[in-house]
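Only one chain is included here, represented as structure tokens and corresponding to the form predicted on its own.
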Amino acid sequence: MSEIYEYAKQQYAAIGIDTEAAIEKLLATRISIHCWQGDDVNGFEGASELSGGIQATGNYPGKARNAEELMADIDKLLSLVPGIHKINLHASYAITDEPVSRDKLEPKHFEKWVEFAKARNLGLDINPTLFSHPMADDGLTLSHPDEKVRRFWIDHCKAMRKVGEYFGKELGITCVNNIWIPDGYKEVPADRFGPRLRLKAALDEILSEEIDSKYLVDTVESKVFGIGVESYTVGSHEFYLNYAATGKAVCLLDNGHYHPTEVVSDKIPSMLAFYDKVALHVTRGVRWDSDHVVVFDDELKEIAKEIVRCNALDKVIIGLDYFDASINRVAAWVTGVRNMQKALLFALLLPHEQLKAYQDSGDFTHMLAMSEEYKFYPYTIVWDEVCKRAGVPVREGWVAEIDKYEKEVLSLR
């Protein structure tokens, strides 16, 4: 143990914080890392362009072009972040010898991902892919007025639940199956009610088969608006919040899916007052749902603080969701994962009980003053210790590893 870490440990002990316990909790927290940062959400179906409001901007060289390259990039990512995590897949990342219709996908089409995960002690999560497909060309899926279109997407979502159950059973780590749809309208609709009734009926059918929650947790992800659906989104926050109240699914909050001044950090304790589980897609929306790389900003720290101060590390499912094609894609991955972990560590090193006591006693002077002072405690030294123990580069040391990987691997693609 270095002298500088011993100093930080003593500093935190003086305010009642056990840095060893904080490190242990951090390293035990699995983050669901989205696979689609590595290839700009293209998947393995041969899609030439994205649709459904999905856009990845930029053309930085080195994009993964197939499963082997994507897995190699994930390996490089995992070598540069502390802890053992989960990989979040979309259905479009099935590995097949020949094209398989999305409504016909089976667990066998994801066997190579399970082999990959087993070898690395990773978990796997899954998302039905309800975009970038001919059956979603008009931007409607589970709420479509055409029963044939709805049937296709209902069957697809059912198939992915079975894939998720397979992941959970094979890996012994609960799989999260997240349903997000692009459905909505560019102009103010004449009927807001009908599409939501159709979506509700579709979800009811999709989730009708009971699957042991030990293996699978279903989530539904809301959105305020998006490209091409600026006036109305069928799967709104209110819709999914109420749907989650039925007990059939967990509500997933993406902090890029709300109005620019609306924050998810404030929603977390409200949700935890009523739900056993809350799911997150952590991103960085700039003015709208732009899915920028996660940075160590105020909202990220507030999200982490609410998770920790609510004693909810085992209740809040943390996943990341961003895709930037304008910079080195592996660097974008590493930056976001490490920042999420830094924010969690920062939160774990705060004396929340003491700050709550100030608040409850009406001592807002000390609550504010001490909150500000604690921001300058040596959490960066503890982060360095986390990286050393995990055997990953300390501070900016990982950037040189990325530069080397870009020169030797990515630039040759």
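We number the residues from 1 along the sequence you see. Just so we're clear, the structure is a prediction, and the values are computed from it rather than from any experiment.
The form predicted together with ligand RNT is left out here; the points below concern that form.
- Contact annotation: ligand RNT lies within 4.5 Å of heavy atoms from the stretch 219 to 227 in the predicted complex, the single such stretch among 333 to 341, 154 to 162, 259 to 267, 219 to 227.
- Not one of 9, 12 and 370 comes within 4.5 Å of ligand RNT in the predicted complex, counting any heavy atom.
- In the predicted complex, residue 54 approaches ligand RNT with a heavy atom inside 4.5 Å.
- In the predicted complex, at least one heavy atom of residue 131 sits within 4.5 Å of a heavy atom of ligand RNT.
- Taking the partner from the other structure, ligand RNT in the predicted complex has a heavy atom within 4.5 Å of a heavy atom of residue 289.
- Within this chain, residue 345 is remote from the site of ligand RNT in the predicted complex, having no heavy atom within 4.5 Å.
- Site annotation in the predicted complex: the residue of 76, 144, 85, 90 reaching within 4.5 Å of ligand RNT with a heavy atom is 90.
- Contacts between stretch 317 to 341 and ligand RNT, counted in the predicted complex as any heavy atom lying within 4.5 Å, involve 321, 323, listed in sequence order.
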